[in-house]
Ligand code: PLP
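Only one chain is shown below, in structure tokens, and it's the form predicted alone.
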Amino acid sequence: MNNLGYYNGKIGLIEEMSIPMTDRAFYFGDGVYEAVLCRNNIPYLLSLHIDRLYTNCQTLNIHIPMDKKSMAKLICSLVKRVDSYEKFIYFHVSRGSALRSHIYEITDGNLCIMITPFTVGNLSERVNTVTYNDIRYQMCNIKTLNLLPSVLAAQYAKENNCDEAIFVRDGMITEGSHCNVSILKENLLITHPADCYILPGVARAKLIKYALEEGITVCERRYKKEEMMEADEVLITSTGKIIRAVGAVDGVAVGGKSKSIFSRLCERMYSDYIASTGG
């Protein structure tokens, strides 16, 4: 198959699939999602993403109609149907189906999965970014389907010929429209604390792990845009990009002062991806 769509047991090409209008994802965005890279038919860090999905669903009182092991088995079987060596897996669970009402009953959630061909690309290519006012609510640590602020920010970045938008809240950097943002200053990695204003990314956790192993001090604290502009390197981490260095923010060149440290971190994270998906 060129791609694959799955909805509560039904399988087909994504463009030929349909979802009932009663699905609460349709009118409330009432659900939680995850995204995973896949190479050699091996989903990368799948268990960590599934753990986060189940934790988020539990927080929001959404019932997933299967256990973690069954979901992992299902995803691993579905990836084999898509004709590509490298793939992107998106999956979400909505609260369930009912006529539109803000009040909900506890029912089985609906599981939706989409698998498409994907290429990670060149991790050494620097990305251009633009800052954007962080207008999101205070549940950014939950990976919900409510992504309108991120959609607007991503569109703003595109219209300004940039690859990513970086959110600024009260003068402080939080994260990107689909990434975490960290900065390097000398031998110090600074990243926003894992509170309600950012999603605690799986790739972010890997960056912290490898930074510590490389002898880099890690500090989880808030930092201002001015501090980011003066950093030795500005780094973004996400499922799709793994890790990239930022080349410009709002049209002003940044980073490029700790290329050796970035190269080491980039090599560690990419090597983990390759090794974990069959070498």
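Just count from 1 along the sequence shown to find any residue number. These numbers were taken from a predicted model, which means no experiment stands behind them.
If you look for the form predicted together with pyridoxal-5'-phosphate (PLP), you will not find it shown, but the lines that follow are about it.
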*Is there any non-hydrogen atom of Arg244 lying within 4.5 Å of pyridoxal-5'-phosphate (PLP) in the predicted complex?*
no
_4.5 Å heavy atom contact, Ser94 to pyridoxal-5'-phosphate (PLP) in the predicted complex_ = no
*Answer for Arg52 alone: is it within 4.5 Å of pyridoxal-5'-phosphate (PLP) in the predicted complex, judged on heavy atom distances?*
yes
*asked:* With a cut-off of 4.5 Å between heavy atoms, is Tyr210 one of the residues that contacts pyridoxal-5'-phosphate (PLP) in the predicted complex?
replied: no
*asked:* I have Arg126, Ile190 and Asp232 flagged as a candidate spot, so tell me whether each of them has a non-hydrogen atom within 4.5 Å of pyridoxal-5'-phosphate (PLP) in the predicted complex.
replied: no
*Among Ile113, Val202, Leu145, Val168, which has at least one heavy atom within 4.5 Å of pyridoxal-5'-phosphate (PLP) in the predicted complex?*
Val202
*Where does pyridoxal-5'-phosphate (PLP) sit in the predicted complex: which of 173 to 181, 155 to 163, 102 to 110, 67 to 75, heavy atoms within 4.5 Å?*
173 to 181
_Just to make sure I understand: among 224 to 252, which residues lie within 4.5 Å of pyridoxal-5'-phosphate (PLP) in the predicted complex, judging by heavy atoms?_
Thr237, Ser238, Thr239
